[in-house]
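We begin with a single chain expressed as structure tokens, specifically the form predicted on its own.
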Amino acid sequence: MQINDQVEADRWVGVALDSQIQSASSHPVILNGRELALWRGESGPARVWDDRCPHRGMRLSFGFVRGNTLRCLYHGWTYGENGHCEAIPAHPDLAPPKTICASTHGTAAKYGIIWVNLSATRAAHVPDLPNQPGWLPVRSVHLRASAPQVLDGIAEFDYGEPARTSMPAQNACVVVLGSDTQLFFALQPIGLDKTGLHVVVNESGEPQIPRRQRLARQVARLRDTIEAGGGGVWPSPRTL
């Protein structure tokens, strides 16, 4: 399996589980070596911007959220949800020019995953999956392996039961275990030898929290197996 590592290709990449990003918080994210700030206001969806304040280049992920604005830690310049500067503390009576704007990117939340598209002209769509409702978070992990190695590792892993693997996009993989369990892996290329993996699950019937907890532990085992370059065995359904 191959993956496109162009930083600004027109494609949607999963960078976090939506449930991980709490309200009024900001976090650093790296995508193909590009530093990004992932943040959420006190209400509304998460947003992904370049991790650089237009004023002096301070990392916006170090900033703090007030309401639905992101305030730079260095000089307090404040940016609204659209990226435009709304306030400059050193000049409280000044209406900031519209040209002062953080670099924003297309962001979407789907399947319990936060997606970003760095392309300036976005025509691609977030990968389409069946049974969109009902996807639940399992776990995010980081691997010391390239994205192609991770994709190959997911496809080659012995899940201990019949498994069908498909790729709805270059950076996403679905594994169907048995007849009713779907694991969705969203890959986040971080660097040449580092990849983020964000996993959600969809099952028929009532969601089972203990099962998801055990799946989370097995995702860690999958990570260890890929990093070790081995085949590994996914525990049998009886142990999940």
Partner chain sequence: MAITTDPVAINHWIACGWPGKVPVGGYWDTVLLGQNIRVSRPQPDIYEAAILTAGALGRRLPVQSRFCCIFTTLGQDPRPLPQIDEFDEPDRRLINCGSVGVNTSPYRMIENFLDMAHFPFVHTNILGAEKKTEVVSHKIEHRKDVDEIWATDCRFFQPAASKAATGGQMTDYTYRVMSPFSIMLYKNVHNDPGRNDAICMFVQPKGEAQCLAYMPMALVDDVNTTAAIIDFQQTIFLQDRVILENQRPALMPLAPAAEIPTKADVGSVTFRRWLKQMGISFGIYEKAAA
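Please read all numbers here as calculations on a predicted model, not as lab measurements. Residue numbers count along the first chain shown, from 1.
In what follows, reference is made to the form predicted in complex with its partner chain, a form of this protein that is not presented.
Stretch 82-90 is the contacting one of 142-150, 82-90, 116-124, 156-164, since its residues have non-hydrogen atoms within 4.5 Å of its partner chain in the predicted bound form.
When contacts are judged by a 4.5 Å heavy atom cut-off, Gly76 counts as touching its partner chain in the predicted bound form.
Although the partner is absent here, Val29 is not a contact residue: none of its heavy atoms lies within 4.5 angstroms of its partner chain in the predicted bound form.
In the predicted bound form, none of the heavy atoms of Gly191 sits within 4.5 Å of a heavy atom of its partner chain.
Its partner chain is not shown here, but in the predicted bound form it comes within 4.5 Å of a heavy atom of Gly57. Checking Leu136, Ile100, Leu129, Ala169 for any heavy atom within 4.5 Å of its partner chain in the predicted bound form turns up a single hit: Ile100. In the predicted bound form, its partner chain lies beyond 4.5 angstroms of every heavy atom of every residue of 146-164.
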